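A single chain, nothing else alongside it, follows as structure tokens in the form predicted alone.
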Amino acid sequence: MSPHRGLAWRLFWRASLADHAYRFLFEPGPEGEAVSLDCETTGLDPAVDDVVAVAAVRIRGNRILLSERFEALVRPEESEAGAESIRVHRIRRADVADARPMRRVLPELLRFIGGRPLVGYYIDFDVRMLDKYAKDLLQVKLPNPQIEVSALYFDRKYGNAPPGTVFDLRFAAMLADLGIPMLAQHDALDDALMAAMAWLALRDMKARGARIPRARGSGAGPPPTGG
């Protein structure tokens, strides 16, 4: 889990919380539960870009609870999606024209998440996107622990790799190695589902001491990006 949501920071943020109605974020979530989260955005800079879609799905034990999910289109208030981001996630300005802004979506999302750990592929980017809205609402960042599936994948495949090994941490490469079907990438709910499936598979491999074999001479693709 991410050290950025350590105990000292959680205590500081809890003391700084502007609205005590959200103290539940600092309480442990239900035992054995986590939430897989994904945001689609207008770009890759949390300082200036906005969320245009967010999805989250609960995980309980070894089950992904598709019936317990959160989905929302979001109307950006500070930046508009450029041609490249529209090409990636296929969400046009017209699609979000009647959507709610993130400041109105966030309270519902936070109640859905609660104190559960957040699972994702490059989850730090998604959380940083939400943090800027959370700071307006709560005066603090999200305190939830983070579970990064690319780090778990690295450990299972490259943790014992010799010097000079070329790493490939692309989402598609990880899913292929784990035998997980590729759904529609850059769709918030599908990305959250695939990250959830990857986490369960990698957690099981770690429990069994299993590793992902490496093919000799395999090259790496372009570096992965969030959003």
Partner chain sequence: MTAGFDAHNPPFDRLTQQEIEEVRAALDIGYFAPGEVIIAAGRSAEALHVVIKGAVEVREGEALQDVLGPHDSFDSRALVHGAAGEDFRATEETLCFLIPGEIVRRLIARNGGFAAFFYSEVSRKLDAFADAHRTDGVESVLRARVRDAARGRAVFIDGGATMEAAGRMMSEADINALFVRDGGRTGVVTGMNLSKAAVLRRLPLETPVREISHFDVVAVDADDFIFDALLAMTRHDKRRVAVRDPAGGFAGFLEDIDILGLVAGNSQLIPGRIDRARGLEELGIAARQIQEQVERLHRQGVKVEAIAEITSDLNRRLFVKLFELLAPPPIREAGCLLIMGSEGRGEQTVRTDQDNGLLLAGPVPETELRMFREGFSGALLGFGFPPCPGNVMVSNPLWSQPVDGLVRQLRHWVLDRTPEAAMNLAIFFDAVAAAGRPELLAEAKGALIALMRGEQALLARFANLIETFATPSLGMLSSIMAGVGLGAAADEIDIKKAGIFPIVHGMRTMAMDRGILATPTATRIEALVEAGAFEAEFGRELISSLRVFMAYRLRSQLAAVRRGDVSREALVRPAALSTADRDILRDAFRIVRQFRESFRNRYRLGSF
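Numbering follows the first chain given and starts at 1. Given the structure is predicted, the values throughout are model-derived calculations rather than measurements.
In what follows, reference is made to the form predicted together with the partner chain, a form of this protein that is not presented.
Every residue in the set R63, I180 and R208 has a non-hydrogen atom no more than 4.5 Å from the partner chain in the predicted bound form. Remark: L193 counts among the residues lining the partner chain in the predicted bound form, judged by a heavy atom distance of 4.5 Å or less. None of the heavy atoms of A56 is located within 4.5 Å of the partner chain in the predicted bound form. In the predicted bound form, at least one heavy atom of R69 sits within 4.5 Å of the partner chain. Though the partner is left out of this view, L200 does reach within 4.5 Å of the partner chain in the predicted bound form, counting heavy atoms only. Stretch-level contact analysis of 121-129, 69-77, 135-143, 103-111 against the partner chain in the predicted bound form, using heavy atoms and a 4.5 Å limit, identifies 69-77. Note on the partner interface in the predicted bound form: the residue among D49, D187, E33, D168 having a heavy atom within 4.5 angstroms of the partner chain is D187.
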